[in-house]
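The chain below stands alone and is given in structure tokens; this is the form predicted on its own.
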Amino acid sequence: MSALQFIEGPLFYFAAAVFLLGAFWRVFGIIKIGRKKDISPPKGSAVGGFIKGNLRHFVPRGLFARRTWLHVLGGYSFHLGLFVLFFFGAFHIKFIDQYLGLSWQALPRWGFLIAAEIAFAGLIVLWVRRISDPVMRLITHKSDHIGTWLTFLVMLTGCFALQQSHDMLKLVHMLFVDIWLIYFPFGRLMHAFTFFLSRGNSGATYGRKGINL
């Protein structure tokens, strides 16, 4: 078995298992904690507040939008760009088809490159803001930096592997993917699965109290 076969085979299966089991355990643990019982009479719907709380946070309010427009722009650029890269890159679709038997139309190469540039720009903007803004520095944990740089390296090595000039480039990319998957449940990257619980909890509290979001 070659190094590439090991990284794409046994190591990838191990990393995927850690990712899935770890993420499930974290989410299950948060849900199991539950919420303190509210004995006051409800004035609205907690379920409606949960849904509205999640949807409302996708659009910042006027005052905050003016102050955080760079953060919002960087956040949407990175997350949407990464979504497009992962789900519509030709090699990623081929990879998904190999393991799950699912496939769909891929982006043309020029579209992939544009999406990559947008994702890189967004990620860099978010990280620069994190290290330059006094408030962001106070609430930043080392896990935020580790997650950012791991994601950056996964994307960068993926762009190198796109050239298909040498198997070593693909090996390095897949190695970083495996490391990223293993690290995911133990760091701040978990916000990809927990943000809707946090927003929903606040929304449910306000919704039950009849507060308009």
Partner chain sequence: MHDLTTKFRRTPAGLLRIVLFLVLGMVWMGVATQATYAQSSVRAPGNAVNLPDDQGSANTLGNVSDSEIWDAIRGGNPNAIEALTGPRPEGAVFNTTGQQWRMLREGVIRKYLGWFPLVVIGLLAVFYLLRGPMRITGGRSGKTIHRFTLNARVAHWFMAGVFIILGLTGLMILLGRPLIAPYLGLEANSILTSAAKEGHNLFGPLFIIALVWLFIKFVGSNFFHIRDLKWIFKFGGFFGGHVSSGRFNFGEKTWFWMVVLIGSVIAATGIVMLFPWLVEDVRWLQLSTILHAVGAVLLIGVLFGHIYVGTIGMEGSLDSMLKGEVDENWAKEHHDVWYEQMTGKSAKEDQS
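The structure displayed is predicted, hence computed values, not measured ones. Residue numbers count along the first chain shown, from 1.
There is another form of this protein, the form predicted together with the partner chain, and it is not shown here; the text below is about that form.
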I need to confirm a contact call. Of 131, 80, 102, 90, which residue comes within 4.5 Å of the partner chain in the model of the complex, counting heavy atoms only?
131
Is every one of 124, 152 and 156 in contact with the partner chain in the model of the complex, taking contact as a heavy atom within 4.5 Å?
yes
Does the 4.5 Å heavy atom contact test between residue 94 and the partner chain in the model of the complex come out positive?
no
Applying a 4.5 Å heavy atom distance criterion, does residue 168 contact the partner chain in the model of the complex?
yes
With the partner left out of view, is residue 160 within 4.5 angstroms of the partner chain in the model of the complex by any non-hydrogen atom?
yes
In the model of the complex, is there a heavy atom of the partner chain that lies within 4.5 Å of any heavy atom of residue 86, even though the partner is absent here?
no
Scan 108-128 and write down, in order along the chain, each residue with a heavy atom lying within 4.5 Å of the partner chain in the model of the complex.
109, 113, 116, 117, 120, 121, 124, 125, 128
